[in-house]
Ligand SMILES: NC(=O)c1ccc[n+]([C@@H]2O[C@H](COP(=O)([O-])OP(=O)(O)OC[C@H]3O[C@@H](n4cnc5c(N)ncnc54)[C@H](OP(=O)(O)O)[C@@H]3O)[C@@H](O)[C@H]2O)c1
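Consider the single chain below, provided in structure tokens and representing the form predicted alone.
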Amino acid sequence: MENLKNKKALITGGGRGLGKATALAFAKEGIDVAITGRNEAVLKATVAELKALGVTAIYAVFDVGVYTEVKTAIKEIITELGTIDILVNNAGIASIGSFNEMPVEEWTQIIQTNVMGMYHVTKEVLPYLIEKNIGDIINVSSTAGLNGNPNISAYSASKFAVIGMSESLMKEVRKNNIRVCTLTPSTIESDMTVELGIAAKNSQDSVLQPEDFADLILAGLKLPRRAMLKGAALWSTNP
């Protein structure tokens, strides 16, 4: 199995929810972590938890949808961490509304964050991985990227796009010993799903938890370098 201790990871949207759970799981494996987001107070609190686990932990405040902010922040993160071995593209937003009722600006912002944001961050990190001829990229899509449903057209479109971009990148960089994995989880209890009314708070017995998602990511990363988890769908055992 792959030894993850002392590797360096960047997790977008790492201050809460799936990103935070993944960051904590990484820290317990001895991985140094950089987390990003737009709420500095949340990021600071999570970094304190990570440091308590004995790893180096830093944060950067920026909007993944704004390329100029991404370029500056990624350079600063790599300077401070020394390198990046693992990128988890987790940052994302969602909104519920019918096709006609959702404002154009809101629809556009979901695409900008979920698709262009992932592209921006990956574009800035990828040259470092190619130069080292090794690395891992985990891109978070959703079951909404596999099947459309009413009132989530923007979110679904963004997650379909993530799958296409991610699978294309996977085939492009395999020759560079870079593993690209696309994850399509079903509903997970997170701050976002609770706020949208998709999942109930404290529903551990019936809905997937962020820690389940983090365990899946670690399992993929621990595979021998000759093996790559191309994609995985995580579902709850409860219908």
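The structure presented is a predicted model; accordingly, all values stated were derived computationally and were not measured. All residue numbers are counted from 1 along the displayed sequence.
Omitted here: the form predicted together with the ligand. The next part is about that form.
### Query
Among 25-33, 168-176, 49-57, 184-192, which stretch has residues whose heavy atoms lie within 4.5 Å of the ligand in the model of the complex?
Among the listed stretches, the partner-contacting one is 184-192.
### Proximity of residue 156 to the ligand in the model of the complex, heavy atoms at 4.5 Å
Judged by the heavy-atom cut-off of 4.5 Å, residue 156 is well away from the ligand in the model of the complex.
### Query
According to a 4.5 angstroms non-hydrogen atom cut-off, is residue 39 in contact with the ligand in the model of the complex?
Residue 39: contacts the ligand in the model of the complex.
### Task
Classify residue 64 as contacting or not contacting the ligand in the model of the complex by the rule of any non-hydrogen atom within 4.5 angstroms, answering yes or no.
Residue 64: yes, in contact with the ligand in the model of the complex.
### Message
Taking the ligand as it sits in the model of the complex, is residue 87 near enough to touch it, meaning that at least one heavy atom pair lies within 4.5 angstroms?
### Response
Heavy-atom contact with the ligand at 4.5 Å: absent for residue 87.
### Message
Can you pick out, from 115, 137, 91, 73, the residue that has a heavy atom within 4.5 Å of the ligand in the model of the complex?
### Response
So the residue touching the ligand in the model of the complex, by this definition, is 91.
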